[in-house]
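Only one chain comes next, encoded as structure tokens, the form predicted on its own.
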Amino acid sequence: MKRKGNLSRLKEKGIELFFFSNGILAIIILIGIFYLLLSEGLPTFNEVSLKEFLTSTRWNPASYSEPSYGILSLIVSTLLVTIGSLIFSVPLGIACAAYLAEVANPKVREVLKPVIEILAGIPSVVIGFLGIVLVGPMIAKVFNLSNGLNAINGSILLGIMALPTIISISEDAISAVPEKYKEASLALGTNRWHTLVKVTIPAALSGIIAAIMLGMGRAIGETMAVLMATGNAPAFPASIFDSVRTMTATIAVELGEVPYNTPHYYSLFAIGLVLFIMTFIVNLISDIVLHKYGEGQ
């Protein structure tokens, strides 16, 4: 018995050490990525001022006469496509999650949920291809445009890609709301719809916010679909029907051909650093919101 107890404690220690090592490894990788972006991105500002880099709308680092390194148009394009994708995916995702958790019968749920989760496994290049041959022409026809490769096309594609994350996590959060909350609401004379809107969804809000933030992270970091479907025009967008180029698409297009140790090369890492900071701020805000709701509960 004593030997068995020692083996059990040794096993627990081994498991604890395994998870601790994984946590440390994740932190080391994160610090390594940040150091790489910092060490390769900061030399940009030996040639370009930080103010010009962040506030100028002209991005043309390959120009022979006057190279320009302003990324404001890239930042605005990235935010435009990301916010557009959330406007499309958040209401639809929460509605689908509420239907799966509260309305659909178990057989329908067993079929629909795996189908929705399969959407997350579709390669982004396939989604981008659909944007070119299907969604883009439809947008051009409906809004009478010369082509459909623009910000709204990218927003729809990113919204589709964010939907599985938002639906799956939101559905889990809504299903985890204790039954006594719903029973208490129904006992007061309300109907199922009122209970869902006023009790169940607010009670699951922390999980739903986490789902939205993860979906937003997916949208900001996506490259291939927006590279194929948004037109790749590094100009300041005046509307959602203009062609745009996001920060991730700029890095993907130009990094493979840029000469090493040039201002252009360093500026692409500086774009990566700005993108890293943006995603960090999104995660920080989501953490603060989750903590706030956690305290409220």
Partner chain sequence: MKKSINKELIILVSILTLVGVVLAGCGGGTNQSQKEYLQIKGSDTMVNMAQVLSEKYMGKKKEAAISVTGGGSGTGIAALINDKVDIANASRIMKDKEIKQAKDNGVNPKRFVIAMDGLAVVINGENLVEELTINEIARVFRGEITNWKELGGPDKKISLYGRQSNSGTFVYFRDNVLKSDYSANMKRMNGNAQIVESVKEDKAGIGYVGIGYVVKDGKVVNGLNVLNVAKDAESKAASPLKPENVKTGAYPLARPLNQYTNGQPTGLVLDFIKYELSEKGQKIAVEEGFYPVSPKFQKLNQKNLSK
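Numbering follows the first chain given and starts at 1. It should be emphasised that the depicted structure is a prediction, and the values quoted were computed from it without experimental measurement.
Below: the form predicted in complex with its partner chain, not depicted.
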Original post:
Heavy atoms within 4.5 Å of its partner chain in the predicted bound form: which stretch among 42-50, 232-240, 267-275, 27-35?
Top reply: 232-240
Original post:
Though only this chain appears here, would T190 touch its partner chain in the predicted bound form if you measure heavy atom gaps against 4.5 Å?
Top reply: no
Original post:
Counting only non-hydrogen atoms and a 4.5 angstroms cut-off, does I132 reach its partner chain in the predicted bound form?
Top reply: yes
Subject >> 4.5 Å heavy atom contact, M247 to its partner chain in the predicted bound form >> reply: no
**OP:** Classify N60 as contacting or not contacting its partner chain in the predicted bound form by the rule of any non-hydrogen atom within 4.5 angstroms, answering yes or no.
**Re:** yes
Original post:
Quick one: of L86, L227, I169, M161, which gets a non-hydrogen atom within 4.5 angstroms of its partner chain in the predicted bound form?
Top reply: L227
**OP:** Any residue of 143-168 with a heavy atom within 4.5 Å of its partner chain in the predicted bound form counts; write them all down in order.
**Re:** S146, N147, L149
